[in-house]
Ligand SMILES: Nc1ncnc2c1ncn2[C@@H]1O[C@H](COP(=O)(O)OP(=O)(O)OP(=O)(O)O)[C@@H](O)[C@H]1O
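Just one chain follows, in the form predicted alone, and it is written as structure tokens.
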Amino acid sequence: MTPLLKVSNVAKAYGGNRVLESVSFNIHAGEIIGVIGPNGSGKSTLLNAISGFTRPDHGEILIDGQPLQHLVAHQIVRHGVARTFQLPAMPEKMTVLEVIMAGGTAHHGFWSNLLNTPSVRRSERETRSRAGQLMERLLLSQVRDNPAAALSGGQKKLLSIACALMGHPRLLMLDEPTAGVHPNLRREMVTMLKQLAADGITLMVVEHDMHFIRELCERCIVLDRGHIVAECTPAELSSNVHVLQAYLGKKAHAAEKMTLC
């Protein structure tokens, strides 16, 4: 089976700091993949390379066999790849509904938007309808008219996911979606994201919360100092010697294994 995403020998350095080195892995359509590793292991740089926010020094990134590594971010979005950010910034003067709809209207051409053609007016109705559906699914309907910048940290994370989904992505990459989120909302996010996967969206999740990873993901890619040191199921993380060495800096005894969990 041809993978949806194929990353081959990707490397990235900033000066003398080699952040990624010979990173290779595949993700198949419908998978929910966790990307974990200690701080500074290269997780966010990997997301930036795939999504076009940084260009790898060498290597290949393919989505459905189409190369992405020489494209910029907005071109990659058109190939069905979307992402969120760890600290989403929201406009001060736009409501939740307006922010989500902006994520949809961004896919029209400049002249079509300027001329307000019938196709744009029809698409605006469709965009508003989809925005309403996403707000319902992501628990944002009650705050649809609130300023986006006034939302809680967890609601901003949900809003960023809704914006990413407006473009109908095939691959959705989430950068630490539970950071600063209330535990009750984290549990609801597991259900929401699993439903997105059931609807056909492939998920790649960078996360530090191991409980969230175990609840959500089917497979984990573990990075350490720019290298992939393990690919395993969440259940295997606490017994994988390479994972333990990455997090603890040494081989761990049985009691130390609980640190990772």
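From a predicted model like this one, the values you see are computed outputs, not experimental measurements. Position 1 is the first residue in the sequence shown; the rest follow in order.
What follows is about the form predicted in complex with the named molecule, which we do not show.
**Q** Counting any heavy atom within 4.5 Å as contact, can you tell me which stretch out of 61 to 69, 211 to 219, 196 to 204, 41 to 49 lines the named molecule in the model of the complex?
**A** Stretch with heavy atoms near the partner: 41 to 49.
**Q** Go through N146, Q133, Q86, Q75 and name the one with a heavy atom inside 4.5 Å of the named molecule in the model of the complex.
**A** That would be Q86.
**Q** Could you tell me if A246 has a non-hydrogen atom within 4.5 Å of the named molecule in the model of the complex?
**A** A246 lies outside the contact set for the named molecule.
**Q** Report whether the minimum heavy atom distance between L237 and the named molecule in the model of the complex is within 4.5 Å.
**A** No, no contact at 4.5 Å.
**Q** Within 6 to 34, which residues come within 4.5 Å of the named molecule in the model of the complex, counting heavy atoms only?
**A** Residues within 4.5 Å: Y14, N17, V19.
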